[in-house]
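In structure tokens, one chain follows: the form predicted on its own.
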């Protein structure tokens, strides 16, 4: 029996009290086909099966909507979005939000634009820029929420993302449960304490994504919610080479 993307999305949303209609669920079926077609000529995902795409891209992306984190009409930015994850699936279910997609690889953003046009998504901005440069083009501390998934280690990611977030805003970092383990001194989260202090933020909480059919502990995902507690000093972010060479 063929895997049904729309059914998987509908079941996850219903189980986790995420608002969805059958029409919206069916759009994810179309999105899956679009992603596979686009990937045939432009490599934007390593996932090949419909089930992997549905669970590891779509469900993983919308897991944040289980929690009351993104307020109505919020201004959201997706840093290092690639082909549009997690932002596109979030936007498809939350059309009230204003969302900006940022990635340095313009060809990946073509898919994001294609999907936005296909589904008539409004208040979508696509920026083919480096995150450390775009922030100083009128984007500093103007967003209510930032999201990012599978981009860089958390200490690096914090310096790239937090300058975009308003004081009292939040950054939702999609990470494996292993890297979000505060009891493990070698986890990305444990290694981020200095960066959080210098950038004006703190860990609010770590939330489970509860992805279906993921039994391997190394595959489990969560969302690290970072609260912006004050302004990020003007010297951040540094140039990317410096960030990577010397993480805070």
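These numbers were taken from a predicted model, which means no experiment stands behind them. Numbering follows the first chain given and starts at 1.
There is another form of this protein, the form predicted in complex with a small molecule, and it is not shown here; the text below is about that form.
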| Of the residues 92, 170, 97, 151, which one places a heavy atom within 4.5 Å of the small molecule in the model of the complex? | 151
| Exactly one of 131, 88, 162, 77 has a non-hydrogen atom within 4.5 Å of the small molecule in the model of the complex; which residue is it? | 131
| So in the model of the complex, does any heavy atom of residue 81 sit within 4.5 Å of the small molecule? | yes
| said: I'd like to know whether residue 144 contacts the small molecule in the model of the complex, with contact meaning heavy atoms within 4.5 angstroms. | reply: no
| field | the small molecule contact at residue 123 in the model of the complex, heavy atom, 4.5 Å | value | no
| request: Find out whether any non-hydrogen atom of residue 105 is located within 4.5 angstroms of the small molecule in the model of the complex, and reply yes or no. | output: yes
| field | Partner-facing stretch of 110-118, 123-131, 68-76, 136-144, counted where any non-hydrogen atom is within 4.5 angstroms of the small molecule in the model of the complex | value | 123-131
